[in-house]
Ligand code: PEP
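One chain is shown next in structure tokens, namely the form predicted alone.
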């Protein structure tokens, strides 16, 4: 049975002092309560803080992640961050295709697939985000949308698809306080699992995370679902006690 992955997405939050305090609390809690824990833990931080977080988390078992990565290898791409740069900081994971990137930066399925491909080639695990808007869910298009988004990544990456992480994040449940019921989340995860199974004989390697306002109160019930392999955590990842509670639920 594969370990569950709890990845914190700090989004555009943090400061040198706040980061140190947050990570100190998380590391203390992990050392006290989860020695030999059965869950993987990662934090995906703003690029400006990669160096700081790398230094603080070194040897702690907490993996470092970025919130985005360029589809380009290098060159005249102002503001972009390449895989090679991320590797310099020991980055293990890179979020690609987060709904906020798709919405605010007009990222297409094709671009997301290219970013995932670039990350895989560099030995960085892409956390590929898929999810529907409220209008799409109400129109009965949830399955169509998430399968289309994942299909682009499968098509671009072929047999390497078994090395990705997928995060289902219903857009209507991100930062809104609304959460898909465990049954709603499991239904979509099962669809994604079947799609991956059709694409690779190693689909059992792929962790599928839930990323729609998972928090300390609802994590245990969500993580108990058959096809939910962890969480991509937003607001709750900025509070050490809440993040530790979610990790504990994943480690059971």
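Remember, predicted model here, so these are calculated numbers, not experimental data. Residue numbers count along the first chain shown, from 1.
Quick note: we don't show the form predicted together with phosphoenolpyruvate (PEP), though the next part is all about it.
A.B. asks: Can you tell me whether residue 65 touches phosphoenolpyruvate (PEP)? I mean in the predicted complex, with a 4.5 angstroms heavy atom cut-off.
C.D. replies: Although phosphoenolpyruvate (PEP) is absent here, residue 65 would stay clear of it in the predicted complex, with no heavy atoms inside 4.5 Å.
A.B. asks: Does residue 124 make contact with phosphoenolpyruvate (PEP) in the predicted complex, using a 4.5 Å heavy atom cut-off?
C.D. replies: No, residue 124 is distant from the partner.
A.B. asks: Closest heavy atom of residue 169 to phosphoenolpyruvate (PEP) in the predicted complex, within 4.5 Å or not?
C.D. replies: Close contact exists here: in the predicted complex, residue 169 approaches phosphoenolpyruvate (PEP) to within 4.5 Å, heavy atoms only.
A.B. asks: I'd like to know whether residue 27 contacts phosphoenolpyruvate (PEP) in the predicted complex, with contact meaning heavy atoms within 4.5 angstroms.
C.D. replies: No, residue 27 is distant from the partner.
A.B. asks: Only one of these stretches, 219-227, 66-74, 180-188, 204-212, has heavy atoms within 4.5 Å of phosphoenolpyruvate (PEP) in the predicted complex; which one is it?
C.D. replies: Contact criterion met by 204-212 only.
A.B. asks: Pick from 174, 113, 146, 165: which residue has any heavy atom within 4.5 angstroms of phosphoenolpyruvate (PEP) in the predicted complex?
C.D. replies: Comparing distances to phosphoenolpyruvate (PEP) in the predicted complex, the residue within 4.5 Å is 174.
A.B. asks: Using the arrangement in the predicted complex, list in sequence order the residues of 227-244 with any heavy atom within 4.5 angstroms of phosphoenolpyruvate (PEP).
C.D. replies: Those in contact are 232, 233, 234, 235.
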